[in-house]
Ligand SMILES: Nc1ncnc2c1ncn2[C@@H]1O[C@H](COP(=O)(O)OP(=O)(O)O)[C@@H](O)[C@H]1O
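Only one chain is included here, represented as structure tokens and corresponding to the form predicted alone.
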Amino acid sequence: MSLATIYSRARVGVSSPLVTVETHISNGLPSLNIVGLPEAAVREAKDRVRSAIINSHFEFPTRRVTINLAPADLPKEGGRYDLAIAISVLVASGQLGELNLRDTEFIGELALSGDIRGIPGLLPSAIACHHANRQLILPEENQQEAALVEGNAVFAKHLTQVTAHLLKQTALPACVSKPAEPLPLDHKDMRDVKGQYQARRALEVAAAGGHNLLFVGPAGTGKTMLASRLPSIMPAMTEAEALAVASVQSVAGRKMGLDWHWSERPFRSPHHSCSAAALVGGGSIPKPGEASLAHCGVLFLDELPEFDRKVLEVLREPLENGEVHISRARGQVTFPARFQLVAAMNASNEAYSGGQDYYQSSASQKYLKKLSAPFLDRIDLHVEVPPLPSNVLVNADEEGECSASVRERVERAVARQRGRQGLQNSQLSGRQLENICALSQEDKEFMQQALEKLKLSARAYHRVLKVALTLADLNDSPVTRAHLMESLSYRKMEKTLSMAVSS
């Protein structure tokens, strides 16, 4: 046989389109050409493949070898095609006999010795291969990721092991996942937080409804401590959510078990000096940013006004749509980015002076002006975190409620939401919200007065209703006037913040 067709997978964002590796061996001067829009790393595969084949005790054809990576208009990058190219050369040259490989895909980078090295972003390929009902042969380094998918995936260390498997001499081992490691002993718990009852309540509401949250207060009042404990009370991820998170982490090149753990919600806290590309992703070969790495988890922005205003503005799209769209000259990539934003900020860059005047002073107004009104409008809960009284701070015997008990209430509220509408309240559309959260005529008049007094936008109004619905779900009851009033209390900083950013 002088023509062979082998299947592999490309990497485009968190998707993995099929790539057909076609190898033709013809008469002519010895050469090897790779076509199909290959990047530099793919063009260099010919040298890696040649050495790997020779060092695996096979012969490299001394004829004209042409390799086509189809589709031709899809850019190919990285060393993920090495194994597929090597197998196609061996099949086309007749060294493996007549093989039917229509139900098999190959992914892996080859060393010169024939060893198979791991690649980044394998999990989306394993998912796509499983949906195509094919067997995937992959590097041993990536077998933990592939084991997350219930597919027919096997792994190998060396090229000779793959050929022995194809010739039915020795079967390759299947990918098996290891048991999840327990959380570290220093796992953050809500019982560590003293006082700050309103802030604790806001965290519970945010976890139950998937709402965004802003903590405002002077330095040293526990804003960062509160934010870091949000993942401990969030509901457990569904299998689909966990796979989506794992796919993003895999594409970003992070190692499972080291940089991230299966079923654990991510918590990302970028420094305020990060760029827009670092926050939402980018690059000539687009990679996910902090917003996507926080998918189904928490994105914590400490010292919010210290971030560049243009950098914060790029978050407006993912906050609304749960996705990041990156456009480059050679194509477009979409990364998931449905995260919960938790931000913390001082009301001023000066020392805390106490009282409401502190938040309305000229220094505070100037500091808050760094933020835009449309960005703040997308945050559901604005919560003041005041300094703790000395007696609460000194009394070390008093402990707050632990994360486990708070999480039980959150899980019940989330189960009610998923049973009613299939998603959390923060993701409801306007029409869904109107149907679920139907207000009485008296409550409508009350909300109209609140809108006029607080000068809330239409978006803010809907977010108030979503928070009220979450409060009702926590109480397992319909929405009442008390829920609306508590929801509005989480917007009491609205006027102060709006005056600052609009002045």
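Numbers follow the displayed sequence, beginning with 1. All figures in this text were calculated on a predicted structure; none of them were measured in a lab.
The same protein also exists as the form predicted together with the named molecule; that form is not shown, yet it is the one meant from here on.
Comment: the named molecule is not present in this chain, but in the predicted bound form one of Ser403, Gln249, Ser426, Thr221 has a heavy atom within 4.5 Å of it, namely Thr221.
A heavy atom within 4.5 Å of the named molecule in the predicted bound form is found for exactly one of Leu172, Val193, Val314, Ala128: Val193. When contacts are defined as a non-hydrogen atom within 4.5 Å, all of Met225, Asn346 and Leu388 contact the named molecule in the predicted bound form. Picking from 426-434, 194-202, 403-411, 139-147 the stretch near the named molecule in the predicted bound form, with a 4.5 Å limit on heavy atoms, gives 194-202.
Residues of 270-300 placing a heavy atom within 4.5 Å of the named molecule in the predicted bound form: none.
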